[in-house]
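Only one chain is given next, in structure tokens, and it is the form predicted on its own.
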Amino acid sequence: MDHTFGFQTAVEEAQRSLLAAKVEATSGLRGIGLVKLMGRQSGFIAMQASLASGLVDICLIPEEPFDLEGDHGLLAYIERVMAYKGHCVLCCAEGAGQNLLQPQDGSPRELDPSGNVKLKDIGIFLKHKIRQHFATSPTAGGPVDLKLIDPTYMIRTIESGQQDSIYCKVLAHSAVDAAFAGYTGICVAQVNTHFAMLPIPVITKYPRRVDPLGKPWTRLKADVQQPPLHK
């Protein structure tokens, strides 16, 4: 399907948080604005909001792992951004960097009542690690003023935008038409600009994720000049 309902509204609202992070980062001495957005398994909202806002220096998504330490790691790159611009804005999806947070001893991961892996808070983790690094590293240039913004529930509870409102209404009409036609076990969605009925098992068989080698992600990395953050 082309996109789900609510996606465009979420991206639009997420840009407000990125703007707030930019203001915070540029208003203080050596400021860093860190925004954690929704995205357990996929980074579409973080990627699209970062691309649309034009304010982000670094974007982290679940589909592309990153190293924290080392010459090619995240902390070293933040150092370079700070040295060049004097401030930095990071956008990360909530599922990013979970390989750094989950148990490394082979013990089973903690599950929620629905059977999903409980995610660790990547925002709190990065906030602590970045502050610690810049306070102690001799090459970091000194402590930073870091602000963490988590707008998850603000985004989830706002009124839908114009395009999403129309999209939902068309989906509702299409669902009623499908029911009157006697179809069950299907979902209506927009596919290649056309509204179609799709079998639910086909939709849920595989999660849709950002392709780390695809054009959208490559376009964003080129736009913000973000290098690979892993070996």
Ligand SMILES: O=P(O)(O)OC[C@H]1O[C@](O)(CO)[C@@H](O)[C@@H]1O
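The structure displayed is predicted, hence computed values, not measured ones. All residue numbers refer to positions in the sequence shown, first residue = 1.
Beyond what is shown, the protein has a form predicted in complex with the named molecule; the following relates to that form.
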| remark: Here the chain appears without its partner; judged in the model of the complex, the stretch of 58-66, 38-46, 24-32, 199-207 with heavy atoms within 4.5 Å of the named molecule is 38-46
| message | Under a 4.5 Å heavy atom criterion, is residue 72 part of the interface with the named molecule in the model of the complex? | response | no
| task | With heavy atoms only and a cut-off of 4.5 Å, decide whether residue 156 touches the named molecule in the model of the complex. | result | yes
| request: Determine whether any heavy atom of residue 152 comes within 4.5 Å of a heavy atom of the named molecule in the model of the complex, and answer yes or no. | output: yes
